[in-house]
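Only one chain is given next, in structure tokens, and it is the form predicted alone.
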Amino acid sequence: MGKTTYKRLKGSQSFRQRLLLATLSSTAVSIDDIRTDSTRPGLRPHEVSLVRLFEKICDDCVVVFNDTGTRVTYKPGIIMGGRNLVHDCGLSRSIGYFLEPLIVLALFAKKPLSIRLRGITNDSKDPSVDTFRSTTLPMLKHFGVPTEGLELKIESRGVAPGGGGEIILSIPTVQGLKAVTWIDEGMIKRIRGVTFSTRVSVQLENTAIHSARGIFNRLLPDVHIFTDHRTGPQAGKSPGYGMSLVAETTSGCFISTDTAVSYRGGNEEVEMEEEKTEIVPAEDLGEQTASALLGEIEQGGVVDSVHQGLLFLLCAACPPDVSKVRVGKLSPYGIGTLRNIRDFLGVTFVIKPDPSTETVILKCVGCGLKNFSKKVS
């Protein structure tokens, strides 16, 4: 066996994507200087947990951390997938942080994936599990991912700081993706949503729905927001509530946004990361979420700003054929993704602004990622 050559990277930015793209492209990476100037140097608990999750799904991957956690070397293995896996995502980031890389990885696994993830289901930092269920999974269908075996079930809710949420994610495998021409945004035809509450009064949900509908009903008639009030073991360990909204267009695009409010107790570790947030009243929460959704719709594009990174990843993984997509203003995360794709997969996008709609059209030729463990039928 020859000596492994490591791709050298620095810093903590894009840690998730670097890990994901390294695995997909079978590139061994060595990441140095991870938060060396910080008061708490090294990897955060959620980043270590993500590495452990990759180890569960892949066979033969080799990970070495140094003592301070400021350096990690990662040699990817074979993506196996598997049934009835369980992973605890911890409490420093929500399950949404883990889902994006996990979904892409699982598509190219040897066997379909079925995994139980435990932790925080809804918070204000990462997309909620509702957004993944209502928007991310339908988005995969455009790239030829079969709907059979594609599912996300919310067993119990959990907000920060105590967590206690649990979901079951099932992802089928694909031989390869299919290139897309996806530039028709369509018109908004309906809005769907869900509010949830754990260990607080259900009245908060009703208030939030009422204020969100107050904004939408002036614009279109077909608005339904459902309630999901949890009690007992299904309500996790901390009180909180939130809302997730999705606008569906006539051309099959889904634009989403979500917010969550949790009553943080004295969780020092979390509070060191971010100052204590004020509790948003339910009325304001409904208005803010509705306004945020209208903002996303106004920006244009076939996906919202949160899903730009995933859209570009899927386009880059397509066969060597032209994919063409339209997005609104490029988000910082989307721009970072384009750079990582170029560095790992060698795919560059042609970016062309469309001044008439103030959107951006991106074109690329996919790198032709194939799932070699899946037999051609």
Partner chain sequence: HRNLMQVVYGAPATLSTSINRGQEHDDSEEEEFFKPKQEGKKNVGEGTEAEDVNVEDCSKFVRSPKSWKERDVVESIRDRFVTGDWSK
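Residue numbers count along the first chain shown, from 1. Everything numeric here is computed off the predicted structure, so don't read it as measured data.
Absent from the display: the form predicted in complex with its partner chain. The rest refers to it.
Checklist line | Interface residue in the predicted bound form among Thr231, Ser201, Ser291, Thr147, criterion: non-hydrogen atom within 4.5 angstroms of its partner chain | finding: Exactly one residue meets the criterion: Ser291.
Check: Is there a heavy atom of Arg133 lying 4.5 Å or less from a heavy atom of its partner chain in the predicted bound form?
Finding: The answer is no: Arg133 has no heavy atom within 4.5 Å of its partner chain.
Notebook entry, point to check: Do Val360 and its partner chain come within 4.5 Å of each other in the predicted bound form, heavy atoms counted?
Noted result: Judged by the heavy-atom cut-off of 4.5 Å, Val360 is in contact with its partner chain in the predicted bound form.
Notebook entry, point to check: Counting only non-hydrogen atoms and a 4.5 angstroms cut-off, does Lys125 reach its partner chain in the predicted bound form?
Noted result: Taking the distances in the predicted bound form, the answer for Lys125 is yes, it comes within 4.5 Å of its partner chain.
Note to self: Is Asp37 near its partner chain? Define near as a heavy atom within 4.5 Å, in the predicted bound form.
What the structure shows: Taking the distances in the predicted bound form, the answer for Asp37 is yes, it comes within 4.5 Å of its partner chain.
Notebook entry, point to check: What stretch, of 218 to 226, 153 to 161, 104 to 112, 169 to 177, brings heavy atoms to within 4.5 Å of its partner chain in the predicted bound form?
Noted result: Heavy-atom contact with the partner occurs in 218 to 226.
Item checked: Whether Met187, Ile297 and Leu330 all lie within 4.5 angstroms of its partner chain in the predicted bound form by heavy atom -> Yes: each residue has a heavy atom within 4.5 Å of the partner.
Notebook entry, point to check: Relative to its partner chain in the predicted bound form, which residues of 337 to 352 have a heavy atom no more than 4.5 Å away?
Noted result: Stretch hits, in order: Leu338, Arg339, Arg342, Asp343, Val347, Thr348, Phe349, Val350, Ile351, Lys352.
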